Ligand SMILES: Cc1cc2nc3c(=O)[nH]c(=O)nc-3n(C[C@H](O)[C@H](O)[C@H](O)COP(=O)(O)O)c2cc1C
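Listed next as structure tokens is one chain, alone, in the form predicted alone.
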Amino acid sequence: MPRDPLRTKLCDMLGIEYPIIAFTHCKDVAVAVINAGAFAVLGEAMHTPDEIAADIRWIRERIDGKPYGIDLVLPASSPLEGGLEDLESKIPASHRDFAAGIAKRHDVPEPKGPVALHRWGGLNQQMARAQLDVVLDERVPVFTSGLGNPAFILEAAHARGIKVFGLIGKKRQAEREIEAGVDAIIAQGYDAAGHTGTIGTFSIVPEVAAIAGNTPVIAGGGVTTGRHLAAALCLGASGVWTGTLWLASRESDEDMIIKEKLLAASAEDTTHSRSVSGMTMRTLKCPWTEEWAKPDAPRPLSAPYQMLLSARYTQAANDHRREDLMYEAAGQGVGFVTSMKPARQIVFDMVEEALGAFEERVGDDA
């Protein structure tokens, strides 16, 4: 066992001090985490190509040459192309009526401005490709695909010096991506926030580690403490993928209402539902998810049509800052997020707790 149990092959690959990856939609969180010695991946699926390019420049100017990552979604089930009106016309009347009923029963107002989810790269493959072209043009250090197999982009990415990480929820997905040549695999369990599968983190991580060979495995799903980090390394991972942990950080641009909901939440306040996007997704419970869980609710539509159906509810809740309607993606580890700390402090606390956990079990020789 090495003297420093937190020095892993993921650290060596990325040139980072700690094997912690923060997935965040906030540039300030990303910069704080990177400058604290960990790694951050900025989710850009909701941004236009020009906005993505601007965000990449903004981060580069603040991290003194350190590596960073960009995440996009590449769902194979999305239509090849199609405008918003065309896509929305495919939503059945029965589902429109059910959504209208939710709005009436919960007094959901109209959004004040444009619907942000209408720019989601998962709406059609044409939009996703335009976003991906920016990542290639900018030669970002790491590209991750939160949804979809990135195998088709490997040759172009590697030719530009870009490392590609694939995110999976099943062993067979990991086998395909490792065989294709991804640089690291994020094995994400059921506990995770956002889009996630049905296999628990304690099962999927060692299962993938056993077949990964020299490809680093990164554990995701419920990872919010240093003890989770220590456990993930013992399961065979080379690092951890964390998301919920950063939403309530000081730097996070989340609405204060959402931060307070997260700080008060426990694992039982989350739900695993297809009602938001059509794919299984873990979020805080809200009237929208609870209504679609009722026996008389229609079966959620496939992606991207369910996302289009939920988008106006989400936008209205946020625009009007309705605490009773608002929700956010959150993993089952949310109960461990109990205070609003600077992102840098979160990194250091996680490292200290992980080292303490190793020392507690095996003594100073860890």
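What you see is a predicted model, and the numbers here were worked out from it, not measured in a lab. For every residue, the number given is its place in the sequence shown, counted from 1.
FYI, the form predicted together with this ligand isn't displayed, but the following is about it.
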Q) With this ligand left out of view, which of V73, V182, V208, A232 would have a heavy atom within 4.5 Å of it in the predicted complex? A) V73
Q.
Going by heavy atom distances of 4.5 angstroms or less, which of A237, I204, A248, L167 would be at the interface with this ligand in the predicted complex?
A. L167
**Q.** Options 27-35, 321-329, 304-312, 61-69; stretch whose heavy atom lies within 4.5 Å of this ligand in the predicted complex
**A.** 321-329
Q. Do A193 and this ligand share at least one heavy atom pair within 4.5 Å in the predicted complex?
A. yes
Q.
Please determine whether S277 contacts this ligand in the predicted complex, using a 4.5 Å cut-off between heavy atoms.
A. no
Q. Contact between F143 and this ligand in the predicted complex at 4.5 Å, heavy atoms?
A. no
Q | Whether T8, Y18 and I20 all lie within 4.5 angstroms of this ligand in the predicted complex by heavy atom | A | no
Q) in the predicted complex, which residues of 208-222 put a heavy atom within 4.5 Å of this ligand? A) G221, G222
